[in-house]
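The chain that follows stands alone, in the form predicted alone, written as structure tokens.
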Amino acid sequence: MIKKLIRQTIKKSLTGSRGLVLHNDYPDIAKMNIKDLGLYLHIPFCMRPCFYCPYFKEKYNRKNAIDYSSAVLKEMEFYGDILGNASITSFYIGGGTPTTMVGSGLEEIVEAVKQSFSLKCGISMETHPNDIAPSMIGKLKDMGVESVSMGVESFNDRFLEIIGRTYRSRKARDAVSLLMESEFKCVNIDLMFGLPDQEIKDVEEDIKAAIELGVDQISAYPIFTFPHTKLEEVVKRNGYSLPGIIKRRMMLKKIEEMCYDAGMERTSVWAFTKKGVKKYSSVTVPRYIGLGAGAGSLIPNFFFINTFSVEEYIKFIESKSRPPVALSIKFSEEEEMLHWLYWRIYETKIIKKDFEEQFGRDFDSTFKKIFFLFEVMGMARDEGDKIIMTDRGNYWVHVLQNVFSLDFIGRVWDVCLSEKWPGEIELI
């Protein structure tokens, strides 16, 4: 109830409305003059889905994967016809575990993207320690993958077992070393903190291992307790405890300290990147089209998501002449600006000119009150042409994620997982 009241109060003050409503309809993209955007491909398959993971995924099955590939190609044809001349400035393949589909149709999808769109970028792709071998590296290189992200989560065998990962530390280290030897432009590894029964010294050991392995980027983020996952159930059943907000703050401070000492710079709320390396990022593209079941799209004035079901996705594609959109939301101008601002804050750096070019408004006039407050509280500093978030500010972004986006995302995903074609979701 308190979180709801806080959300309503802040959103009302910023946008003039208290809530958002998602409907089962589809925006007319053909009428929009979109000149550049990102492309996201969702691969919803995992060999063994993790109980704590909030994202839409299903257990891998080769026949389903091949049928899914054919459906994605058909969805791509629709977008290729209306967006084929737009410049694709980022191409990100996420999941699930995308490398499960190497040899089951992924190569054909990537080649079709190159043929259907004006690709002005390399490919970024997620993978899993169990999938990394010299043969896989060769296939990724052949597809044009330039940057990779691997979910290691921890280098501690005890915590890998607690969260149900199917490999141990030695395997993870070997996989990281192989990626680093393969001359990708950026190798990112995900590490989680705030794990069940985890202490600060355990986090310190994980970060130390990543630094010693020489990775280009460390994305260290807390394990989130989304209501539709089984994390809380597993913690309770096994008598574990999750670190509280104070301990998580101390863990994050240790991560910051170690990454800065290693010469890294902060490139998002959770990511620390070697200086001179182009950061690996999946969530901060201002506009993008999502392909596949469960994929989201963000275009001018609209956000929409495809059905959270491989079976329904394939059936819809075979019988309809448009993408299988389950829900969409039309933003007011104020809501769209706030959404843009949220992700720029997530990136820890806000370039005022970018806002003015996209919205035709003066940044300082639009957000003066917000950033005056941020500066007073030590959360940001204004450098004239840009706003830089401080470490304190980045921590409070994490807190706000729990107040806003995690509750919102949890609600939407919970409904979409239980109702493949929901009629409406009201978020307040």
Ligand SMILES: C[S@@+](CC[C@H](N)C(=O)[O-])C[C@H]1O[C@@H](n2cnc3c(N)ncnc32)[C@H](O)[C@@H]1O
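Numbering starts at 1 and follows the sequence shown. These numbers were taken from a predicted model, which means no experiment stands behind them.
One more form of this protein exists, namely the form predicted together with the named molecule; it is left out here, but the text below deals with it.
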Open item on the list: So in the model of the complex, is the named molecule close enough to residue 206 to count as touching (4.5 Å, heavy atoms)?
Closed with: no
Open item on the list: My question is simply whether residue 165 lines the interface with the named molecule in the model of the complex - judged by any non-hydrogen atom within 4.5 Å.
Closed with: yes
Task: Exercise: residue 397 in contact with the named molecule in the model of the complex, heavy atom 4.5 Å - done: no
TODO: Mark residue 96 yes when one of its heavy atoms lies within 4.5 Å of a heavy atom of the named molecule in the model of the complex, and no otherwise.
DONE: yes
TODO: Given that the partner is absent here, state which listed stretch (123-131, 285-293, 342-350, 177-185) has heavy atoms within 4.5 Å of the named molecule in the model of the complex.
DONE: 123-131
Task: Listed residue that, although the named molecule is not shown, lies within 4.5 Å of it in the model of the complex (heavy atoms), from 136, 83, 192, 211 - done: 192
Task: The single option of 223, 88, 259, 235 touching the named molecule in the model of the complex, heavy atom within 4.5 Å - done: 223
Task: Neighbours of the named molecule in the model of the complex among 29-55 [non-hydrogen atom within 4.5 angstroms] - done: 52, 53, 54, 55
